[in-house]
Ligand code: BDR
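First, one chain by itself in structure tokens, the form predicted alone.
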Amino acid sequence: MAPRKIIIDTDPGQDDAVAILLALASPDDLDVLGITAVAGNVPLPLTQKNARIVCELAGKPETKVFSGCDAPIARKLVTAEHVHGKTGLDGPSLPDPSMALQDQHAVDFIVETLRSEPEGTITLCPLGPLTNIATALQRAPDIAGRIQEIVLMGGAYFEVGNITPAAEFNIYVDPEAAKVVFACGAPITVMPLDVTHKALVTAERNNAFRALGSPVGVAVAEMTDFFERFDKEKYGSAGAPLHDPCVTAYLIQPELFTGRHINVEIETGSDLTLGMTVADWWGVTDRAPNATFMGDINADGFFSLLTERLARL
């Protein structure tokens, strides 16, 4: 079977980096047409730079990287240096990229690709705030019906919020964008905190990355060494959750995940619950299902896949 054509929309971030590495390590499964950067974990000049750093770390400098939106649709940018460090990729010492940034704007690339490729053959993989995706949908409403699937990391229900009591960071940063995306009518699969908090990099799992002995294996281990301090302190967990690689792992081995096709609405009007993903898990409303909201993961299978694929780089 031909590899699935994807566009990764991202705001790297250590876990974004691992998600990109997993995709680039899996060319038989995933054809990465481009990586589009958005402001989120850190500002746009750093996210587009970090995306190129990761491509070069993977030995894939031919990957096309595009710079996108530098601020949410209707709000001031909120960033997460308190989690990811001042560069977004704190932990390993990685060289500045030498590969060029593409001249085309990320939103134009998304629109053009969806219009030029056969209908239903492009999967969008947002790993950060949904600003680029929503802007593309607003600018070119015709592309919604051409999307094969949107597989995104964002939101939470049972795990509640990680940036406010009610909201997960990616959705909170640009709730208006999330509202546009969830209403667009394309098939959507969501990797919320309910799943990603079960994908914990324990010491044993991180040692397996380090034991690969490659620049990629060592860099991933050093990223999670840095990244985990925040979650260990906040949640008392055994390690850092690898949020974003759940997206690429799902595209490769969907059987690792279980969830429900339900209605998900985005709160944009309340100061108290701004950015909340209101997930009708129990089917208590008559609102039509619009997303497959994942609830569980086979974590051992996930880390086996991740370690095996990273070893290829």
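What you are looking at is a predicted structure, and each value in this text was computed from that prediction instead of being measured. Residue positions are given as counts along the sequence shown, with the first one as 1.
Just so it is clear, the following notes concern the form predicted together with the ligand, a form of the same protein that is not shown.
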query	finding
Residue 123 within 4.5 Å of the ligand in the predicted complex, heavy atoms	no
Partner proximity in the predicted complex: residue 130 to the ligand, non-hydrogen atom cutoff 4.5 Å	no
Residue contact check: residue 109 to the ligand in the predicted complex, 4.5 Å heavy atom	no
Residue 205 within 4.5 Å of the ligand in the predicted complex, heavy atoms	no
Candidate stretches 99-107, 70-78, 214-222, 169-177, one within 4.5 Å of the ligand in the predicted complex by heavy atom	169-177
In the predicted complex, the one of 147, 153, 240, 181 near the ligand [non-hydrogen atom within 4.5 angstroms]	153
Contact set, 6-21 vs the ligand in the predicted complex - heavy atom within 4.5 angstroms	11, 15, 16
